[in-house]
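A lone chain, given as structure tokens: the form predicted alone.
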């Protein structure tokens, strides 16, 4: 391996690591707030990429039908609850939020050929189609069992993951998709060529991480999420709604996943089930951070990206094994150094 190859592999590793870092942060956030190990995180990566590819191909994305279906299901559940509690005034807002907005998006896509829209508008539409799926999934699958044990929540998370993979196959088919590059710029650094797409991925990931930092530090909702993550019982006693915190954490996690999918869609071909492996590598980074520390999780995810890139050169057939084997010494070290605490009732 010469210097040029090392630089190219490092470039790939940092690019992949930036995506894994975003997913690791989302996994840590969801687990800290809701105790859910969010296995379906990777599916939203695939949904974001495939939805953008469908829009650019002039097709109606399958995620629109999923959004309409989940919106109708959530509306029925919420209307039944409103009728039971005699809160009739909530019904119009429930219908508008869960059915009206998805129908409006569908009308826009039917009226305007999506392939003719500017790239920025296509990206926004893709995010608008995918991001609302997160809180809807939380409302239907996790909110009714929010007080269940971590094991039960994990089982439901696996069930949601399998369901979303099956729906992805139904909506997008078995063929992979890749979008055109967002930029054709490139930069020469010594003997290495730095692609503009790589710079865009790293910069966009860094901007999103900084935006999340300011959200948690400067906004009331961010502080509410931090309080819930630190002490769920104390947060409830201070008037912070656990339901609101759960929905908001799932919304942010879905936004991060869909945005990550949009970023990598020009770099690699995405299939309906590609998100699982991508999300699993983000999970390895989150485990390095103990599903608690955001900076350590992000650093662990970047390490995963670099390890994957260099192992693909030295032992490409075993690169996945090498990456996932990294979790064993981390778990062993944490089991020896962490005091066991009974799960909060």
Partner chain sequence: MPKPFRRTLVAALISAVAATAASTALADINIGVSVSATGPAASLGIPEKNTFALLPQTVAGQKVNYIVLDDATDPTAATKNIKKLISENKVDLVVGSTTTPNSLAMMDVAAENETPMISLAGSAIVVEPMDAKRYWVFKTAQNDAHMATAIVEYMTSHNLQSIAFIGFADAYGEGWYKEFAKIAEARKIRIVASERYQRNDTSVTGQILKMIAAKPDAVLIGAAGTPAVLPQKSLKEKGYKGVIFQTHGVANADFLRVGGKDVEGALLPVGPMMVAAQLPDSYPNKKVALDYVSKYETAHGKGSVSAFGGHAWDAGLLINHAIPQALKKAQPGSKEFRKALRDAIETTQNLPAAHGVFNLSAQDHQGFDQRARVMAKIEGGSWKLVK
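Residue numbers count along the first chain shown, from 1. Predicted, not measured: the structure shown is a model, and the values here were computed from it.
Just so you know, the form predicted in complex with the partner chain exists too; it's not on screen, but the next bit is about it.
Tell me the stretch among 126-134, 110-118, 173-181, 95-103 that has any heavy atom within 4.5 angstroms of the partner chain in the model of the complex.
-> Careful reading of the contacts points to 173-181.
With the partner chain left out of view, choose which of 298, 29, 52, 278 has a non-hydrogen atom within 4.5 angstroms of it in the model of the complex.
-> When the partner chain is considered in the model of the complex, the option within 4.5 Å is 278.
Is residue 312 close to the partner chain in the model of the complex, meaning a heavy atom pair under 4.5 Å apart or at it?
-> Heavy-atom contact with the partner chain at 4.5 Å: present for residue 312.
Answer with yes or no whether residue 251 is in contact with the partner chain in the model of the complex, where contact means some heavy atom within 4.5 Å.
-> Residue 251: no, not in contact with the partner chain in the model of the complex.
Just to confirm, residue 267 within 4.5 Å of the partner chain in the model of the complex by heavy atoms?
-> Output for residue 267 is yes: heavy atoms within 4.5 Å of the partner chain.
Consider residue 9 of the chain shown here, and say whether it contacts the partner chain in the model of the complex, taking contact as heavy atoms within 4.5 Å.
-> Looking in the model of the complex, residue contacts with the partner chain include residue 9, since a heavy atom lies within 4.5 Å.
Check each residue of 42-69 against the partner chain in the model of the complex and list those with a heavy atom within 4.5 Å, in sequence order.
-> Residues within 4.5 Å: none.
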